[in-house]
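Next up: just one chain, as structure tokens, the form predicted on its own.
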Amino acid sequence: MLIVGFTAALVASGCNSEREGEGGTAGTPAKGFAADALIGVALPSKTSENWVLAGDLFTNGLKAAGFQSDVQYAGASTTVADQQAQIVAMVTKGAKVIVIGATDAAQLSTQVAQAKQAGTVVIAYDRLITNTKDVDYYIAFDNFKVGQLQGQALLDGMKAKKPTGPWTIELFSGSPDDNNSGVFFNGAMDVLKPAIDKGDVVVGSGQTDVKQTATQGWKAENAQSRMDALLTSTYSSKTLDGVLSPNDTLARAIITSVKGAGKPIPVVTGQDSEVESVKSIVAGEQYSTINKDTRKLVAETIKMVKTLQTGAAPEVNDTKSYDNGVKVVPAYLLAPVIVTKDNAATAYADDPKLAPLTK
């Protein structure tokens, strides 16, 4: 229901790639606070390399900016209780800003209300916090655009391998408790649905709804299990040309499943530029990923915190698209970059960890 509601909000607001550049400032800035104030950062469990990297970058970056920091990860449990308790503790400690990468976007309204009552500014990081008026800002890469890039990469990759269709595909989406899952999926379907409607692309299993394609917890084992089942039920004699995967962890699980079944690897998309997936792309297995440079996203978030410290309103570039069910949250969006084997060296040229993998 959250995804459906958010989708409707996106449609109503004309959510597309033209969103970027909608200027202006919005939200209520803090009245300023001490230059060495405590800043809280509440992140989900360490389900991907980027969350681990983000924690390190926030710890070091906030210290370098002169702030005290309290950076916490939620546990590996399937509940949001850890993160709820961490946010409450940050409020109690007197955090002036709390940056939240939500474990469950819909279950933090009580905690962010407590933060607001204490005069704390709440920034939703990477994942929009839904169903509350008490989130001040949202900072992320343009996740609808991420989905569009993934959908286009899937089409491009299949055409490169087989110039004429129809092409048979399967669709995977992320965890239903992550608001971004529906945004990625809707962005991809914005590109894929016209081809499906024309008959150029066929979803072999017929599973085209975001609920049918969901991967609970973003867990690799859940994606691999579903891919195993799809291969058994649908592809005993049929060829699978492509798979829409929303991130790299799931992409590798899907490829593992296909290899285990002894079938040719289809075109598989991804996201996050994880080390093993970059290696796979260079080796010609995984077709694509998305470069969402966590260093830039954390740097922009800390820049937002520094602006709030002075009492000014931070920069936003989208004041229309991100309706969380209660309010439109002022957003600052960064541009994602599609990466394939062809442009990997260029895309990662300034990344000391990933650049050597493209040589």
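All figures in this text were calculated on a predicted structure; none of them were measured in a lab. From 1 onward, residues are counted along the sequence shown.
One more form of this protein exists, namely the form predicted together with a small molecule; it is left out here, but the text below deals with it.
Enquirer: Might T307 be said to contact the small molecule in the predicted complex, defining contact as any heavy atom within 4.5 Å?
Expert: T307 lies outside the contact set for the small molecule.
Enquirer: At 4.5 Å between heavy atoms, is S245 in contact with the small molecule in the predicted complex?
Expert: No, S245 sits far enough from the small molecule in the predicted complex that none of its heavy atoms falls within 4.5 Å.
Enquirer: Even though the partner isn't displayed, in the predicted complex is D136 close enough to the small molecule, meaning a heavy atom within 4.5 Å?
Expert: Because no heavy atom of D136 falls inside 4.5 Å of the small molecule in the predicted complex, the answer is no.
Enquirer: When the contact criterion is heavy atoms within 4.5 Å, does D126 count as touching the small molecule in the predicted complex?
Expert: D126 belongs to the contact set for the small molecule.
Enquirer: With the small molecule left out here, work out from 32 to 40, 50 to 58, 318 to 326, 63 to 71 which stretch has heavy atoms within 4.5 Å of it in the predicted complex.
Expert: Among the candidates, contact is made by 50 to 58.
Enquirer: So which of T269, N180, T215, S277 gets a non-hydrogen atom within 4.5 Å of the small molecule in the predicted complex?
Expert: Looking at the other structure, the residue within range turns out to be N180.
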